[in-house]
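Below are two forms of the same protein chain, given as structure tokens: structure 1, then structure 2.
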Structure 1
Amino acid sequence: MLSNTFDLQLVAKVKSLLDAAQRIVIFSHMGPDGDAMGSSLGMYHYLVNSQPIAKTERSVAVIVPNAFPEFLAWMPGSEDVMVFEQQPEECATRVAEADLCICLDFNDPKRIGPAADSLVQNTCPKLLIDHHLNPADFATITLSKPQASSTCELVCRLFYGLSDENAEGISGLKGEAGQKIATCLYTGLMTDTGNFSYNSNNPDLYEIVAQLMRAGIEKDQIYDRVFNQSSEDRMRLTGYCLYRKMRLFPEHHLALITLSIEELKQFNYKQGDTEGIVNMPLQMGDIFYSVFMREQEPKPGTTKNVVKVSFRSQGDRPVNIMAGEVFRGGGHMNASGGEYYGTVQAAARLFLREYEKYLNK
């Protein structure tokens, strides 16, 4: 039995929204990761298989702002995901026709980039499920728990609350449908906790994992598909980061890795190729903080490059405060992120000027 699930009255309101909707759009954030894709596809399979409106009468679309990594393309349902940057008119039409928008793994419409205007302009009900701090006030119903390991965990808890008390498993679905839901949700749990190495101390999390396994997931196969499918370019890029680009600051138990656009092009960078690199320096016994910066081209309508900044730490050493105050981001104590508008060199200079105020030795 899971504890600390959502309030029953809140779950009942969510159920009413889901039961009434016939044209649903599911959104997730720019640069979709395992949690974004896992929660979105888990929700997709749940909606087309478990609600009182028959699948043939209900339209459910998953829309992501830009392309998701190739190492997530095996996930059930990923072939039907719509990419706003590639299909802007078709995506905008689906959003305009929606009578319910479900927003997963982001706390503000600006996190979905070019899709934000379509979301905001549609006045239909909106359901937000997210685990990041300080959610914006734009949704009809907001399920926000920053202490959760992932959005997939929150979706699991919601499905558990929506299921009949005599139903089996997280979603109440058996067979192939339940297995697809469990596979997607486990992928998000696994990736957003670094394979359960951080943000994963709540015992309830492992009760969720146990129920997902009972639904028939292939846990080891999921790990292999996510972490052991690197291309040659990705492997060489990883080696370059560790050998050429990693700077150590032993007095502060800190590692910093930066990559410019030019460096990424040398290795034929694809979305997701740098996933997990930020965690690698923490394998050294005397490194407690790791920071990774990746430069990318300007967003549409802007002129400055964007630097994605990822923070990781071990133990009782917060990084979310610096991520929020210096890089306009946030996240969990041990795993956070932010952005800087400018060059990666300027972002690194800002970090080196400010980090001693935020990082404990």
Structure 2
Amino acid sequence: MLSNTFDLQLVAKVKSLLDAAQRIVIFSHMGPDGDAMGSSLGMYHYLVNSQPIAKTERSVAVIVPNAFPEFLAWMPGSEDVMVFEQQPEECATRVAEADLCICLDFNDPKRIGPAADSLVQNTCPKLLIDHHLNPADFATITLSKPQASSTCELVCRLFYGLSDENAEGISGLKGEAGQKIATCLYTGLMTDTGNFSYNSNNPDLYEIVAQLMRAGIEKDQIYDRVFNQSSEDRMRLTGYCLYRKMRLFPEHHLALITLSIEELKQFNYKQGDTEGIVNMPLQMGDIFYSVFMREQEPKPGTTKNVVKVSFRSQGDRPVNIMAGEVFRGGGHMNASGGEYYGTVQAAARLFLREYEKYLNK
């Protein structure tokens, strides 16, 4: 069914790790998005329901470093997700006791912020499944495919590899549990491809979607829950960004939007409210690069504001180099991010000084 899945020996090794583990912790990255939550919760339901060790003997915790957006709070199992920033001690204890850590949708422990120490300190086996470039060498088994649309796609491929020989497709997608697994995995496929509008040219993706649909997902309802539940504040903030805040640099096919803490307060900003705004300037025919900056309060114990910087581009125009070299981040060729410590005005000045070196096609 799927043309390109994982090497069988590697899958066999993953199987023995999963079969043996009793206290599992699943991690995903800071600012959890649909793919982070989808892959983590898909794996969670799979391990709790479809694996040889019975439910009662196995504990599975999903830990994210900070809060996930409200538009993902409907996901099955989201009520069980532990947020490291909100319960650091409970989370650290769960990690210390774990006999397997599964790391999803990030390529370096740095990407889980405050949770990184507890992950690194536990010497238990670690399984990394991810689609970012250049995974750090910290896991016992690394399943990394940067060409994949999403981590959810890779999790589907792994489940396919783990399926019984006689199964026609991905086994484990049966009954109520299967529907939950499929719902979570579809969410990440959908969000990481902009509802199948980029990184989505591989026919395998649609084979996977067909299987997830046969498992009983409500595809259109998932779209509605993720994309059509904005608050009025969020809609107006989006309008404000496009009308008042978007600066265009036509000669460089570039748009820049910045938001200060004060501006965010005017719109009663909640986690996730600015998700997707960075993609909007690319709707203009001659804009190929878009950059979005959002200022946040200083991290605990520090004094400088943090500016989250998001980069998007179209075609063969890498933005991950600038994200890495100027904003200490990284990511994919067409979708990257980083951080700046200081005000959003200073972050914008730095960007304006440097961008011609990096974003010039």
Ligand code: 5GP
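Take the two forms, find the largest set of C-alpha atoms that superpose within 1.5 Å, and that set is the rigid core. Quantities reported herein were computed from a predicted structural model and do not represent experimental measurements. Here, residue number means position along structure 1's sequence, counting from 1.
Which number, 1 or 2, marks the form predicted in complex with this ligand?
That would be structure 2, which is the form predicted in complex with this ligand.
Report the hinge rotation between structures 1 and 2 as a whole number of degrees, treating the chain as two rigid parts and superposing on C-alpha atoms.
Value for the rigid-body rotation reads 8 degrees.
With the two forms matched on the core, what distance in Å separates the two CA positions of P298 between structures 1 and 2?
With the rigid core fitted, the alpha carbon of P298 is displaced 3.1 Å between structures 1 and 2.
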